[in-house]
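One chain is shown next in structure tokens, namely the form predicted on its own.
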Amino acid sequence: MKLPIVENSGSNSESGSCQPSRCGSGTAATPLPADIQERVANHPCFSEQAHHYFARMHVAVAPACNIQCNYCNRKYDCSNESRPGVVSEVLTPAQAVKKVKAVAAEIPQMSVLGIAGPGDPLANPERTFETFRRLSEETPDIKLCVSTNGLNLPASVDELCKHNIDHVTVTINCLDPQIGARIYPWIFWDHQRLRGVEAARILIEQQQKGLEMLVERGILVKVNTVLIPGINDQHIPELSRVIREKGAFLHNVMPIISDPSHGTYFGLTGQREPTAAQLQEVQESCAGDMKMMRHCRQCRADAVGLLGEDRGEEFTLEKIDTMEIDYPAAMEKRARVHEEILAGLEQDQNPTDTGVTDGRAVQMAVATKGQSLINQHFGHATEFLVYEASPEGVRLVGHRRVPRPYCEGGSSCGEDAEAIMSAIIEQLAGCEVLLCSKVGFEPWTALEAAGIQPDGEHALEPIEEAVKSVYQQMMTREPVELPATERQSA
């Protein structure tokens, strides 16, 4: 399916945010229930399909946090790091509303506004709910979302419902306070700073209570879990089972970011990040009858644009002050664009059947700028989506971020090429094919030498159709393994 390269999103779901209906849960192998599909159809963070077409933005109005995580270090006035807790500007509610209108007018794909920090939104209730109140009145066609650590969630559910928020993300990393004490140095609770196992116990109880309250109100809940090797990796499948039973419909297991340069406790003490294979193994162990999120980019708290891109520099306060915004006209344009895209998405709801009945699983990396197309030059990619093809079908299994593009253009092209290429190949471990719009001779040779076959023959084709085609060709020509005795005689 090829959709217009313009915009996405449809109008918000008609279902109210606080209806007394249980949302249920999807499965890893089958589509989400129809009612949930409708509610997330244009939500890039809650729908794997929508993330190719719809844009999101976060507004950073919540600077304070009520817990400390060993994997977090909030940074302000920072533009060179791409991770949660980092922002270039902290906004007032009035500034946030103005910025939302500017982005929505310039990026008609935008469908979702979230508050995710840089601290915890519910630890900044006045700033958070004033922003939501104004946005629900002034931008009624935009979905409103919040992401929280859950400590203040039970006390905030009623207020969330007042602002028509029906998508909430809660970060839950464990159920065992002993594990929690290794992740959270302290929490601020009941006007005092608490530490150790008792602090973790209170946080976990509040998270679970808040999850149950949200589900009772019919609010869709996505749970984020940070995978920390050696600390909670063996515990996550049990966590996934419990949150599934309590009604969370989507589980996002994401890798810890522990680069020492970020200054987090885990980064400075040598906590290792999981490999792509380890992350996938944990995700697979959790994929029972609940959908696992595979397309998370662990966005900044002021991210703007499609997942995997950040256009925040286009919308600084200084720049939006010069913009003339006709918001009613922007709403009309966005509605047309969203309707077009949703109509196209409805035609492509079924998983891609590879047409192969007997074969092994193959992972392929894809360079894409969005629209579910192979439309990016290898040298320009900052990340690669990874798809797996097998006799069961084609599915997204994750994404691999690279330290920097192989070629950024101009005089930088070819600079430190060997080191960059080595880092990219390391990130693509396990992939046998790389699909892109174009690839140069030198990287082609390096990829082939590493056992990754470059392929530029499917430029501008839909990703899943191209993956299917390449997989069929591979399985057709793949040699049959001879018995050991015949190999020896040969």
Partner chain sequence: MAYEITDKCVKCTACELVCPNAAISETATVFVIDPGICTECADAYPEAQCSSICPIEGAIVDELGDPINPPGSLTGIISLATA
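Positions refer to the first chain, counted from 1. Predicted, not measured: the structure shown is a model, and the values here were computed from it.
The form predicted together with its partner chain exists for this protein as well; it is not shown, and the discussion that follows is about that form.
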Item to complete: Although its partner chain is absent from this view, report whether C65 comes within 4.5 Å of it in the predicted complex, heavy atoms only.
Response: yes
Taking heavy atoms and a 4.5 Å cut-off, does N124 contact its partner chain in the predicted complex?
yes
Contact test in the predicted complex: T264 vs its partner chain, heavy atoms, 4.5 Å: yes
- Tell me, yes or no, whether R193 is in contact with its partner chain in the predicted complex, where a contact means a heavy atom of each within 4.5 Å. yes
Only one of 325-333, 312-320, 107-115, 264-272 has residues with a heavy atom within 4.5 Å of its partner chain in the predicted complex, and that stretch is 264-272
Partner-free chain; cross-checking its partner chain in the predicted complex, the single residue of P140, P185, P403, P391 with a heavy atom within 4.5 Å is P185
